[in-house]
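Two forms, one protein chain; structure tokens for each follow separately as structure 1 and structure 2.
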Structure 1
């Protein structure tokens, strides 16, 4: 039973304060429900054509009471419309959500469990929080189509070279390989992926894209693979991988990785994609997209053994490894005007 003091303290919160204070809770619930709605294929079904609620329940073998509850919840959030004949259709707001489903895959499917563990994982020596690697990989690759792949295309144009063999280190789903091989008919690709499940998923994805004759996926550690001398690529890619190497193996791990790559292929081009660490910069973090997306993105990294750093840090580390920056690009302002995502075209100094 609550004491009189406790009742008085909680009674001091009026309705307006309560509504304001519960907005983060509301957002968490909405995002969680949307992720499930997208993953189940329910959004795609009603985006194709409005459907009766019972038809949806039958088509997806769903509990009709639970489905109706979810739909009524979404209707109250102006995300779906249900007419008098019990037919459900997406609103414009849900259509916009459908366009950015990859962000929900990564940040909710991949990292919701991470966020929920943060209170416990603040303790010294508590170890890393867990994440769902499948959703992180799928979501990250989906987001890449929006922002980082245009950077890669631009850096390849600026390189002035006609590449023939590309090595994607930590290839995830393989989407960089398929998109770049499709854009460059002369290019062959090899993806290196240390996770067996992710490797198998990449093999399936490449096959589904009809590019198995030009792209191979190998289950291997990147450094071990390079040091074995099995491949001499003229183009290599590290897409959001170098900060994981830094977080888990420190600077020595980054040095070993770069040394192995340029030891195997001294004249190769290396493209690195990562995010400029500006969490403590009010100038950067006042940007609406920084508040909406990057603030949470920065938050999760130290909890999952990943280490983001500012641009200047990376360029000093590259230089100390005998690697020079040939060019540096960021996202198109119409896509992402924060300037926080960065891509480098790197070459061995004197190469």
Structure 2
């Protein structure tokens, strides 16, 4: 029961303040609805051609009252337009959202549940918050196609080598494997993924891309898999995974991973993609993309057993494991000018 004093204080909020203070709630609802709209295939259906509401309800076996409510909500947010004949079309704003669906897959599908647990999981000793591994893997791969895959292509070119067997550790939906095998016809690939949902998604994706004869996907943790010594790849990839190993198994885990990889394949190339930890740097965090994306991205890591670190930390750790940096690249400024995403080409020292 609220005291009269508390009620009065609440009543002190004027309408302007209320509207301003509720913008984050509005963004939360819009983002959640957009994620469902994209996942259900409704965006693709209306992007292909505008469709009557009834046709959408029938085609997707949807509850007509709920569908109409969602569409009216989106229309009020200027995300869809519904004409006098009840035909729905995406607005320009929704078309832009459609282009960045992978960010919604990862940050809403994968981590919305994590954000909702933050109050509880601030408590010391409360353990990690949950996340949806399938969406994290799938969304991350979709984002990678846009930003980190070009870094991988560039580093492979710089390596000057023709690789035959690639091991993608923490392969998510497997998109690096399919893209790189397509670009390099002599290459075969193995993807390792410890999340069952992500593993299943990867198996399905590789099959749909018609590459199951060149790419295998296995359910495993990177360190365990490498220590079992089943494979001698000449190329290994850790796309946003080394900070997962650091969070789960500490520096010792990363050392074991690098030791097992270069122990089995002393001449291998290793490509590591990760994000420079600059959450506390106003200079980096003032950037508009840092504010809209990286701020929330940095936030979720310590809640989900992941540990991001700055570039200097990683390079010292690599050096102390006898691994040298052959090259370091970042994203094309036209894609992401924060410079926060880094890709290293690494080799065993003297290898």
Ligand SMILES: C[S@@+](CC[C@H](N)C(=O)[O-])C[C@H]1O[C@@H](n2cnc3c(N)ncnc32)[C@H](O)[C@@H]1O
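Model, not experiment: these values are computed from the prediction. Note that the rigid core is defined as the largest set of C-alphas that superpose within 1.5 Å between two forms. Numbering follows the first chain given and starts at 1.
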- Item | Either 1 or 2, the form predicted alone | 1
- Task: Tell me, please, whether between structures 1 and 2 the C-alpha of residue 201 is shifted by 2 Å or more, with the rigid core used for superposition.
- Result: yes
